[in-house]
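Here's a solo chain for you in structure tokens, the form predicted alone.
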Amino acid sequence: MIISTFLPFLMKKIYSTLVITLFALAIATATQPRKVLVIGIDGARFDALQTAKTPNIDALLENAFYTFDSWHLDITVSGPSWSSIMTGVYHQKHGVTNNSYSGSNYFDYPYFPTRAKEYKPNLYCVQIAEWAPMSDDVYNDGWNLKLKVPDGQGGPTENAAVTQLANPNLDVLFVYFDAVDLAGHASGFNPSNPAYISAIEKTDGHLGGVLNALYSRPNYANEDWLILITTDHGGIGTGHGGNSNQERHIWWIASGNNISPRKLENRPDPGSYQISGVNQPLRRQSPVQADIAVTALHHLLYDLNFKPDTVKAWNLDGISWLDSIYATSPTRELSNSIGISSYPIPAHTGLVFDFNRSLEAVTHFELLDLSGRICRQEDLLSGSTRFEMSVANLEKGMYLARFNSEKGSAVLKVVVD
């Protein structure tokens, strides 16, 4: 009898503690320095990556927003591909159409660190590249330091990255591996080619060393790192540069401690600027190369409360996936600066939100599940001091209640039981 009486009270305390703890973590995340690690693995076909034994990439996927159904929309050559990945635009804008980098237009369409420094000039950004043209032939890229390491060896690249990650002031790191592409050119871009698979597996080993250095940073627990990994193209036979599926079907990974894990599967081919054009609605169903730069920018500048792909002066082709990547966006929203509390915890039939002071300019309420899907939304009257809603038709679980006003936003975690 004592146990049956005490159990509901205990469960309520557990739920209350859970919500309070998660909300506290969200607030802490909002103040964490945002940093970006971009990993480039040249020439890694999507099917070969899944065939190879890659324990370090697999570990990242456990906490990642990712797809093996990304598509190359432009020229499947390294120079234009990495230019799109790092600038967020395609060759019609950045001007690069081959590996000589001739015709480049990085003054108008620079690498994303340059864009980030327009708002945060003190960011410290480093590139480590095995392929010399990335360092020699690119300008207006925003790197404070560009390190050239031996092509295709992997070990010196890993060691250089470990050294840079020991710098507490590092904000952006781009690490580029070339061994997979070299193996493809030497003996074939094919998941049945042992040499090609071996190159992927060795690169994964070096990636593990980079990640261990990242996780070993003394202040890592107080930093918000977004890890972005992709390739520039696939391959067919011993080459690439054409428009076959083997060359265009690629992959895209975003990982980090604050990410809501999600795999995007069976995504359609949106086409290519090299064939008959790009179907934009289909293109937005999964992330593509140009989205790396824009998502990285969005992460670095999120506290400024704007999305880079909406800045007309930048004229970006890529879009940001950050709002889809994070279950709870690590932004200033989570500070709950407009003062809201909710009860009961957990909610069974209804939720009540009390505002500690009158919301003078509230415009909208949204209830989202942890995948980011909007389950309820409603416009609110200015001057409201309380908002009530039914939860009778909602599935059990955790949700995010977001209130928008002209002065900012507030996000609360709520539990429906």
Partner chain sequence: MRILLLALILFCSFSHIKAQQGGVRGTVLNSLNEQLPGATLHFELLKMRTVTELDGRFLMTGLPSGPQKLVVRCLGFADLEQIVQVPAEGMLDLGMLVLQDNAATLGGVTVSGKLTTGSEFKANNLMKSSNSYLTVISAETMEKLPDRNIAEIVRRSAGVAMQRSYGEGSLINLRGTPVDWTSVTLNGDRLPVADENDPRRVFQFEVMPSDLLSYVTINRTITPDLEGDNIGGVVNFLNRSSVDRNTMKLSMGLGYSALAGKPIGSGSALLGFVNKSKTLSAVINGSYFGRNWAEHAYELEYESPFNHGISELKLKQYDGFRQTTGLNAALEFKPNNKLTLGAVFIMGLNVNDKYQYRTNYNWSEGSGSRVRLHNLHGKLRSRFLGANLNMNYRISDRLQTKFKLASYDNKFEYGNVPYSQNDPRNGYFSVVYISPLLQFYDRDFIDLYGNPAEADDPNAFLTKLIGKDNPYGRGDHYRNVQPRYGKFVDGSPLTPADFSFYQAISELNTTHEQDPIVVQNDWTYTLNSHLKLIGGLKYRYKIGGRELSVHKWQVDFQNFPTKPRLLTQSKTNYPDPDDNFLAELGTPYSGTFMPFLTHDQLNNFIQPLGDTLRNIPMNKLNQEYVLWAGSKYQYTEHATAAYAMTEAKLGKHVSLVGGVRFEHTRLYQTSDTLSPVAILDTASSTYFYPPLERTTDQAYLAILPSLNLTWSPRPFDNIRFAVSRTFHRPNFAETKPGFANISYEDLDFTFGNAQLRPTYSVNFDLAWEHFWGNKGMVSIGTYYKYVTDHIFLKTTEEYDPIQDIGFKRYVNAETSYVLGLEFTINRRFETLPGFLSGFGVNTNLALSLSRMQVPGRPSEQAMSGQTPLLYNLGIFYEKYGITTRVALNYTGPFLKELNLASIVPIGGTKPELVHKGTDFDLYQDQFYSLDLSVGYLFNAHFSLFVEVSNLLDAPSTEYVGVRERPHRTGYYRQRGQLVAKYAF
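Positions refer to the first chain, counted from 1. The model shown is predicted, which means the values in this text are computed figures rather than measured ones.
Omitted here: the form predicted together with the partner chain. The next part is about that form.
Proximity of 129, 147 and 186 to the partner chain in the predicted complex is complete: all three residues have a non-hydrogen atom within 4.5 angstroms. Only one segment in the set 290-298, 305-313, 207-215, 69-77 has any non-hydrogen atom within 4.5 angstroms of the partner chain in the predicted complex, and it is 69-77. In summary, among the residues 101, 326, 225, 90, the only one with a non-hydrogen atom within 4.5 Å of the partner chain in the predicted complex is 101. The single contact residue among 343, 119, 220, 139, judged by any heavy atom lying within 4.5 Å of the partner chain in the predicted complex, is 139. Taking the partner from elsewhere, residue 151 is found to have a heavy atom lying within 4.5 Å of the partner chain in the predicted complex.
Contact check for residue 45: a non-hydrogen atom falls within 4.5 Å of the partner chain in the predicted complex.
Residue contact with the partner chain in the predicted complex: residue 202 places a heavy atom within 4.5 Å of it.
Taking the partner from the other structure, the partner chain in the predicted complex has no heavy atom within 4.5 Å of any heavy atom of residue 319.
Contact residues in stretch 220-240 (any heavy atom within 4.5 Å of the partner chain, taken in the predicted complex) are 236, 237, 238, 239, 240.
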